[in-house]
Ligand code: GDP
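Here we start with a single chain on its own, the form predicted alone, put down as structure tokens.
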Amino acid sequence: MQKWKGQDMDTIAAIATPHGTGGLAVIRISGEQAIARAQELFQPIRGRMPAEMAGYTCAYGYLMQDGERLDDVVLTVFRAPHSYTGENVVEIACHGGRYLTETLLRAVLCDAVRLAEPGEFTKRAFLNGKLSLTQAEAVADLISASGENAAKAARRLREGATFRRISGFSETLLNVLSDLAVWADYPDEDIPEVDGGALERRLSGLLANMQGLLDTYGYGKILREGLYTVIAGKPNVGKSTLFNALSGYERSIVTSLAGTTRDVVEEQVRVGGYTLRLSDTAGMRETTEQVERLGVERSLACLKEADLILAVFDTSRPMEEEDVSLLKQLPVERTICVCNKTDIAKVWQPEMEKFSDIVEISAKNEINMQSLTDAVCRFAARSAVPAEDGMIVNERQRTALQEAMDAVQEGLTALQAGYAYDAVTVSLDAAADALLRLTGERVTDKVVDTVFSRFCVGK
């Protein structure tokens, strides 16, 4: 790994558990002075002092400051390099509570120990070679996972699934570059000439494999950010009632008056293991009322941006012009047709083949809501990929992989056009560099700082 600016890092500390009242809290210290600082503050009830403790061992005692007992704690020592950060680490488990944990943290902080920055513990794990950059990003995804599928995928990525797949691409590129370098550098030696046809097949195969990983971005984004889901329909078909049923409480105002919802109401909900970023939109109809018209315009804009649309129709009443107009505007491949008010006899039926799926429910009475959950899961699963195969989950990764693919394609095009192998080598060097930046084996301080800025302080 490259030599990093500030590689000789100072000692840091932070509260590693959420702030607030609880039964337990943990203060984490990492760095060269971690054990020495614990030695100054910790008084064991019996047993050894921190400096005498082996890694992965605990001791019960008191945290002291100026002769005053602050709390009874359990202190755990992790010795470098066998720790999360790769440095000496001490974790102090104390009683929970904002005041107490902040008091203990202030006792730990001194000239030799400063407060950690957001994500700095994981950043040090990356800088010390304990994690690749894609694995480090998976740590943040695991912490922020809002559904079962997102958590499973983050665990797989944390184990290095994406890193291994990208490393395979890098290995292929390096083998090709090695063959080209040997043939170019030793023209007088008895070395077989590079087979242009074989090289073309290798690069084409590599591009196909890279495209396969890039194609996982859509599903990775769904797991990480959730499905942007819009509830659409004409006024008074039960959109807000459905929104409230999915949210689990009365988030949208529901009345018998058409046009009650004037603007987009948003909520994040979990449906069948997936997260939906749910939006209840204004009823779509022709109107001269200015505020409602603006709401309708926003609703139409939401339809264009949505990953998934839940188009709600009241099939207990005859089809009206607003229904026909909405049907014409729906991108049917990303629309689930929701026939609402099925506790009342229906008088018309949308055409099945026009939609991604069709379900019949009563949102008011929460009848057959499981069928809607199943339809959402079927929609999300269309782009699903096995997490153990790795996936691209954020824009930084997607951009770097796309850059690598563009460079490989440039080299392949040069090869097919009959350019010298030197031109091909320049493009493949750029591709290899992009892959190294993707895994974090060759990135700038700015990129690293950006990645870890979204972490919480204690991680």
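Numbers follow the displayed sequence, beginning with 1. None of the values given here were measured: they were computed from a predicted structure.
Another form exists, predicted together with guanosine-5'-diphosphate; not displayed. Remarks below refer to it.
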(request) Look at the stretches 362-370, 211-219, 109-117, 73-81 and give the one with heavy atoms within 4.5 Å of guanosine-5'-diphosphate in the predicted complex. (result) 362-370
(request) Check each of L223, V237, L157, I92 and return the one that places a heavy atom within 4.5 angstroms of guanosine-5'-diphosphate in the predicted complex. (result) V237
(message) Looking at T122, T101, T241, N88 here, can you tell me which has any non-hydrogen atom within 4.5 angstroms of guanosine-5'-diphosphate in the predicted complex?
(response) T241
(request) Considering only heavy atoms, tell me if I344 and guanosine-5'-diphosphate come within 4.5 Å of each other in the predicted complex. (result) yes
(message) in the predicted complex, does N340 come within 4.5 Å of guanosine-5'-diphosphate, counting heavy atoms only?
(response) yes
